[in-house]
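Shown next as structure tokens: one chain only, the form predicted on its own.
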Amino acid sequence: MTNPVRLLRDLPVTIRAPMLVATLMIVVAVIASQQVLSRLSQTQTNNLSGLTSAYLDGLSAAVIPHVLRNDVWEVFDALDRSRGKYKALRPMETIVADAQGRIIASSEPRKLASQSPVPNIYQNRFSDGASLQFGSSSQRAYVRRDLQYQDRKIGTIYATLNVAHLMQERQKVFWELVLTNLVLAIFLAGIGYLAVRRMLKPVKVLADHLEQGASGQIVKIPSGLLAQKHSEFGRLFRNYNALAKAVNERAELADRLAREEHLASLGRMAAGMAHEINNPLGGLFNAVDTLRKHGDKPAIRKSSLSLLERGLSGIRDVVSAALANYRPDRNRRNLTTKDIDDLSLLLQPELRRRDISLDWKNNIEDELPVQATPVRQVVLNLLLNAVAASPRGTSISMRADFADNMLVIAVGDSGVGLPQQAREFITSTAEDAVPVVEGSGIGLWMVQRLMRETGGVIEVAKSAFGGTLITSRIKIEAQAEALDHAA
């Protein structure tokens, strides 16, 4: 069953605000109508009391002499004459009784005969002492007046009045109030809806731009939609545009720094490859020169061809490793043991240049259903950072394992340790984490981004060499499901 409170809370503000206005209007209308009807009832009662008092005063003056003589016909004649004089009161029946409670005369002699006792119902109506009472149907009113002569009671007048017209007047006023208040509530609710909708239009503009920013680049609010300069929304829109500009500039800066780091990495690798290729090229040219001069000798030809084959194989391995790392992986190739071992070949020039030894342990034996390219880039960046952070003559390590459906690759160095800011950045999974610009921060930014894309996590600890040990963990099952879904 739907919760009414929750359903009301889920309505848009443009609906809730007018509903609140209408509800308040209805509450105020009910209170005001109650006050108006109460005041009208009091006014009618006062007017009726004044009219009945005048009626009873005149009737008393007319019948007192006849009551003293117990003259039935004169009392009846006075009652008959008074009926025509006080039509506004609409008297229905009137009784004149003596001091002993016997009827002298009444306006309805067949119903209330002379010398008969006054029915108890007439006397009980005034048990509280009030001289004016309203019937239970509110269509009749009852009045009583004691007849006094020389400070003694000589009789009583009982009268029943028709007050239906007063009740009709109350009903008419009631329905006029209801209809008026209903029309006002609907009108004000409509005005409130239009006013709130107009007031919230800037909020909708801001919400639409925030929604667009959540799915891509943050878009600035056009100048044509900006609110007035000194209004609250005007300041809010200008602050949002300033924020959008800053965020977009930061994203562009991060992308530019990433491209520059990538190009710098390519430059370092190109220099290393050139060194790796130049070394065997010298031997190859010597072998070619030897073949020109002594190619007719079988032993020399055999040894020269063997040297050429080994040199070309080394060049092929270096080029293949570089292509596997930097060529786009369009086929989403799975990771193999060779993908990890190739990285040690690419790292050799940097290791020799800085006189750093490498402790290499690749325990991956089978092909794993995880994308090869991002994993290779992560490991290569971590290895290059480890070489850059380690002093000359020290060591770095790389260990790759697969256990419990988890690919675990740990790279350790002999440096002074990872700064706290870089440590917090690389272990963060937030997409808007700010890269560390100093040192090797952009390389770490690439690692953090690639690990986030593969669904992996990074842990930072102390290495066996006293430096930093960065461990990347990738759950293979999640990667396999992602690959199947992409396929």
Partner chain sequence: MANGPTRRDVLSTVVATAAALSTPNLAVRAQGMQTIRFGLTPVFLTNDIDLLEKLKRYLSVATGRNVELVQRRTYQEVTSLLISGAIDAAWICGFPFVKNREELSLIAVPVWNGKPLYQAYVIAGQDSRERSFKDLQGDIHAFSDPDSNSGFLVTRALLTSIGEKPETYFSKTFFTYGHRNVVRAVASGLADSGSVDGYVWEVMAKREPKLVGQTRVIRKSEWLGFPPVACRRQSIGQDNIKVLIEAFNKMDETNEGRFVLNLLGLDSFGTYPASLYDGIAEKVALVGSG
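Positions refer to the first chain, counted from 1. Note that the structure is a prediction, hence the values are computed from the model and not measured.
The next section is about a form of this same protein that is not shown, the form predicted together with the partner chain.
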>> Considering non-hydrogen atoms and a 4.5 Å limit, which listed residue (Q421, N70, S41, Q34) is close to the partner chain in the predicted complex?
In response: N70
>> If the cut-off is 4.5 angstroms on heavy atoms, which of these, P119, P391, G295, P109, is the one near the partner chain in the predicted complex?
In response: P109
> the partner chain isn't shown here, but in the predicted complex, which of 401 to 409, 197 to 205, 353 to 361, 109 to 117 has heavy atoms within 4.5 Å of it?
Replying inline: 109 to 117
> Does the partner chain come within 4.5 Å of any heavy atom of D80 in the predicted complex?
Replying inline: yes
>> When the contact criterion is heavy atoms within 4.5 Å, does E74 count as touching the partner chain in the predicted complex?
In response: yes
>> Taking the partner chain as it sits in the predicted complex, is A105 near enough to touch it, meaning that at least one heavy atom pair lies within 4.5 angstroms?
In response: yes
